[in-house]
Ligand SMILES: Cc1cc2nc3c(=O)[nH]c(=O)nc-3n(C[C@H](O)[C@H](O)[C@H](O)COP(=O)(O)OP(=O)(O)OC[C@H]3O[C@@H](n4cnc5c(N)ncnc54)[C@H](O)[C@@H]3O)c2cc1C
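One chain is shown next in structure tokens, namely the form predicted on its own.
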């Protein structure tokens, strides 16, 4: 998928190789059936401006792709021009000033690797090959974001090509409306971000992982414990549970209790994950590993190579849940019992959103995050399970506080991802900045949800 080492081309739909280039922009092997009229593989900002002018001159909408990790393949649209930003992947780090400037096509793992070499940190995406452009625009649920904030809370400015082809800079004081809108509007943003200006942090002295594995028959006991314990877990820990058909160590259907931790020392980290070691459900575990040091890049690559396999059709969906787990426990059992073969999985994430957040478009989050990832690798599985994620999320809608755009499925199940007030504000800014509607908006809007 990543062809950033090759010089980009501009291809029309009728040209040989067009389909391969379009589908090659997506890590999802599913063919959505949609096709733009052009693809512009931008090599620089000038190519982006030219692409905007071409789209406007041909009365086409504009779609944008940075790394291709959109589960819903939001960037692939009919009657449009697709700008592939993967080649704008430069990384410039200013270590003394704790800042960096990156292109939207730079991959999370590449940025993390460069920062780690200089003892610096940014809450990058959890999978190595995620493009930072799309990741940051949807909010940026990155490594240790409970402690360091969402990715976009660590963005200090953007360079944006607007619908009229003009290149502008946006920050809290300059073009502040664009700066506000970009932080959380995701695939509905009405501009092409060509550079992100980042605030960096000193790297935590210890990074590691605590792992515990249960057989799926213990789902109710484990989730009840996790739901009760979650609010007291320190923000140094990403407390999460993965429903995995090939759970680590048992290679059968199970629950992987994962606790990546970042702290000032091993001793501090060990205290931070002690809630797992001393939990009342430990006696039910098939496997409990000690806390082990592990680099972020190793965790990123391991997750990508075990859960997010290539040549896989993906159908994902998600929701925020504010209430206790008890009322939804029967549905969680149904989710597990109907779970498709690996690499399909479900994620229960202890989030416990802060009381206040930076003022930005992003505005919906909650106590617990639940996401389903249907990863299907043959035609029979696709026919049988393509609706697994969506059907279960639809059944849970009465308990939902909304969704997040990182794992969006709004084309099939419109749901709230910003507050009504922020959606109205986004529409007002769009009317000024993109009055002709050049840029594609979301495939489904929360105010159209049933």
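All values reported here derive from a predicted model rather than from experimental measurement. Residue numbers count along the first chain shown, from 1.
Below: the form predicted together with the named molecule, not depicted.
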May I ask you to check whether residue 85 falls inside a 4.5 Å heavy atom distance of the named molecule in the predicted complex? yes
The named molecule contact in the predicted complex: residue 36, any heavy atom under 4.5 Å: no
Contact flag, residue 212 vs the named molecule in the predicted complex, heavy atom cut 4.5 Å: no
With a cut-off of 4.5 Å between heavy atoms, is residue 126 one of the residues that contacts the named molecule in the predicted complex? yes
Given the named molecule in the predicted complex, answer whether the residues 204, 260 and 269 all have a heavy atom inside 4.5 Å of it. no
Looking at 179 to 187, 322 to 330, 226 to 234, 114 to 122, which lies within 4.5 angstroms of the named molecule in the predicted complex, counting heavy atoms? 179 to 187
Sequence order please: the residues of 316 to 335 with a heavy atom within 4.5 Å of the named molecule in the predicted complex. none
